[in-house]
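As a starting point, one isolated chain is supplied in structure tokens, in the form predicted on its own.
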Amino acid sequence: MAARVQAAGRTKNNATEAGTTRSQWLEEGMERFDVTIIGGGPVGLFGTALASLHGMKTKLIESLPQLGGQLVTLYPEKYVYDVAGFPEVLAKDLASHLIDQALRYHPTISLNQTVSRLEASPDGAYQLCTETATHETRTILITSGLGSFIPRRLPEPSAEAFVDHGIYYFVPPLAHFQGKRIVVIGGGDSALDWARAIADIAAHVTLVHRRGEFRGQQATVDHLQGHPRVTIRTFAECVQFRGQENLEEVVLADHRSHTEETLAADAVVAALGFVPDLGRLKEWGLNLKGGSIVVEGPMRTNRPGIYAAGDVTTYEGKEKLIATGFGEVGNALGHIRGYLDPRKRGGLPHSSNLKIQV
């Protein structure tokens, strides 16, 4: 049995057209699932695998036309170093492994659908409404990460003329930077990781940060400090961008010496972070704090049968890491399993004790 993949009014088996009509698909969409996971990033994919593995009838809804979340849309060529079992792994390869794992247990996948409305059924179940379908589910697990991720823009007006003509908020394939002079702007893990990845193929990388200390991992900072093709400029900002049709120069202001210098640059990677937006989830009556969903104990929200895990959540001591999300989604599903069937309270059994059929 193959995983069912539904996309914008159609049903596909292993991405092959099944010839299902729109009316037939809408009828399928009303099939009731034990748990519906919203968000097809790494946490949602692992949650889909766990839920299906432990016998829950599972559906995953993703707003994008492909699975993988930020691993494939924001930094597919970057290495990830903090996931258990992988000393290092390309983000796109990690996504591929997670997708294979999730599809192994035959969930239903609905792509290119954004959940806009939540309605409660009289029996305690829910209906999730998109533009093309209504999805019936007994429980909901929200793993939508940052939601809609809007990049923080460079404040200098001269930057806008060069967006995608030398200035990038969403990084193209690394081969685009081969042998070029690159400026990376930012002080977090994203900026550090991009600088590290690009430095191995670029002619030179200048990492610019307006503060004296980086917010990212010190090991990456140490690596960049010892790299022969990397220059780190702290207490500095890019204050002007110049060029004809494409970017050619960056004007760098040093806040300590109060001087400016012009750097030749073929491209700028602006890694200033993203502004999270939960979209219509904000209208679902969930407790929110700072753009995140407040959860307690077993990743439970304030509404019965609705849980959340990963970067979309907040609680005291929260760490926004993929590794953290993997643990959270397991905790959530252990309690969802007990919510669905009180006889199964007590968490998920060890997979080594299960008889697996694929």
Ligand SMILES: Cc1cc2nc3c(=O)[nH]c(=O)nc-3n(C[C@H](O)[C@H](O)[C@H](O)COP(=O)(O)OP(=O)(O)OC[C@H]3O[C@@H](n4cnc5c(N)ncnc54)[C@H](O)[C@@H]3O)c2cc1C
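This one's a predicted model, so the numbers in the text were calculated from it and none came from an experiment. The term rigid core refers to the maximal set of C-alpha atoms that superpose within 1.5 Å between the two forms. So that there is no doubt, residue numbering starts at 1 and follows the sequence shown.
Only in words, not in the display: the form predicted together with the ligand, which the text now covers.
Visitor: Out of 253-261, 205-213, 227-235, 113-121, where are the residues with a heavy atom within 4.5 Å of the ligand in the predicted complex?
Guide: Among the listed stretches, the partner-contacting one is 113-121.
Visitor: Is it the case that residue 63, even though its partner is missing from this view, gets within 4.5 Å of the ligand in the predicted complex, heavy atoms only?
Guide: Residue 63: yes, in contact with the ligand in the predicted complex.
Visitor: Looking in the predicted complex, any heavy atom of residue 138 within 4.5 Å of the ligand?
Guide: Residue-level check for residue 138: no, no contact with the ligand.
Visitor: Are any of the heavy atoms in residue 294 no more than 4.5 Å from a heavy atom of the ligand in the predicted complex?
Guide: Residue 294 lies outside the contact set for the ligand.
Visitor: My question is simply whether residue 38 lines the interface with the ligand in the predicted complex - judged by any non-hydrogen atom within 4.5 Å.
Guide: Looking in the predicted complex, residue contacts with the ligand include residue 38, since a heavy atom lies within 4.5 Å.
Visitor: Heavy atom within 4.5 Å of the ligand in the predicted complex: which of 289, 320, 32, 303?
Guide: By the 4.5 Å criterion, the partner-contacting residue is 320.
Visitor: Check for me: heavy atom within 4.5 Å of the ligand in the predicted complex, for each of 58, 99 and 333, yes or no.
Guide: No: no residue has a heavy atom within 4.5 Å of the partner.
Visitor: Since the partner is left out here, which residues of 123-144 would have a heavy atom within 4.5 Å of the ligand in the predicted complex?
Guide: The stretch touches the partner through 143, 144.
Visitor: Using the core for the fit, does the CA position of residue 188 change by 2 Å or more between the shown form and the other one?
Guide: Yes, its C-alpha moves 2 Å or more.
Visitor: So, does residue 217 move by 2 Å or more at the CA between the shown form and the other one, with the core held fixed?
Guide: Yes: residue 217 shifts by at least 2 Å between the shown form and the other one.
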